[in-house]
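Next up is one chain by itself, shown in structure tokens, the form predicted alone.
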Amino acid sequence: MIPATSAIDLGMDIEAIREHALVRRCKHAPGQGVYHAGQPFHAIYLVHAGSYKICELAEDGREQVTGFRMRGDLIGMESIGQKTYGSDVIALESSEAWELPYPAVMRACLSAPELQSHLTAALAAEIRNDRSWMLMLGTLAAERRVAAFLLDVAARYARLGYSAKHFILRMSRIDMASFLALKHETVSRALSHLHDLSYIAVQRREVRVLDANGLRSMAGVSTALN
């Protein structure tokens, strides 16, 4: 599993973009969309606070969650080069994202080549992370997927300076199940089993990691928890 990497981690210079355009702060209530599939592509977004889910429509018309974004993550990178956004982005809680007008981002890249390299690195990291998850979803059993997901969330919290051993899952069980390509009931059973094994203590959306080595062993990864 590839640890989550944010645009800030990669040195993205927001001030370089501010010199070319107004970076608008957009606040979103839980359930409110940043943008929806089919709307004209005009900007990418940097998550400043809160969290969001990325959704696409599956072939049978069901909503498929394809990712989650937290503070420091970029949103909309997958739509660069297209006329319209290819997915829906929905706030999971009271959140804030900074709108970075794409024409202005490109102008900033021309005057600050290092910014372009940072954006390219952020996009590459996103592609690697998505590829890693696709591989895991295609090879891991249900409980291993859930364990890997918890480790990924823990790593994200650690990156933000929070505890990797005590955190809140901002997404619902249904959203988790959609992302992990599992049934809602399967995710609930997997969490209960991990709880019974004393790897975690879970109460609603609150998770405490009790046995990090056990959780890593279950997931089959070597991610370290701080």
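All values derive from a computational prediction rather than experimental measurement. Residue indices: 1-based, along the sequence shown.
Omitted here: the form predicted in complex with another copy of the chain. The next part is about that form.
Trainee: Of the listed stretches (189-197, 156-164, 23-31, 50-58), which one has a non-hydrogen atom within 4.5 Å of another copy of the chain in the predicted bound form?
Mentor: Looking at the other structure, the answer is 50-58.
Trainee: Tell me whether Arg62, Glu78 and Asp130, taken together, all sit within 4.5 Å of another copy of the chain in the predicted bound form, counting heavy atoms only.
Mentor: Yes: each residue has a heavy atom within 4.5 Å of the partner.
Trainee: Glu93: heavy atom within 4.5 Å of another copy of the chain in the predicted bound form?
Mentor: Output for Glu93 is no: heavy atoms all beyond 4.5 Å of another copy of the chain.
Trainee: Heavy atom to heavy atom, is Tyr102 within 4.5 Å of another copy of the chain in the predicted bound form?
Mentor: Yes, Tyr102 is a contact residue.
Trainee: Contact with another copy of the chain in the predicted bound form for Met70, defined as at least one heavy atom pair within 4.5 Å: yes or no?
Mentor: Result no; Met70 lies far from another copy of the chain in the predicted bound form.
Trainee: Quick one: does Glu143 come within 4.5 Å of another copy of the chain in the predicted bound form, counting heavy atoms only?
Mentor: Looking in the predicted bound form, residue contacts with another copy of the chain do not include Glu143, since no heavy atom lies within 4.5 Å.
Trainee: Given that the CA-CA distance for Ala37 and Glu59 shifts by 3 Å or more in the predicted bound form, does it become closer or farther?
Mentor: Closer in the predicted bound form, by 3 Å or more.
Trainee: Quick one: in the predicted bound form, is the Cα gap between Pro40 and Glu59 smaller or bigger than here? Answer closer or farther; it shifts by 3 Å or more.
Mentor: Closer in the predicted bound form, by 3 Å or more.
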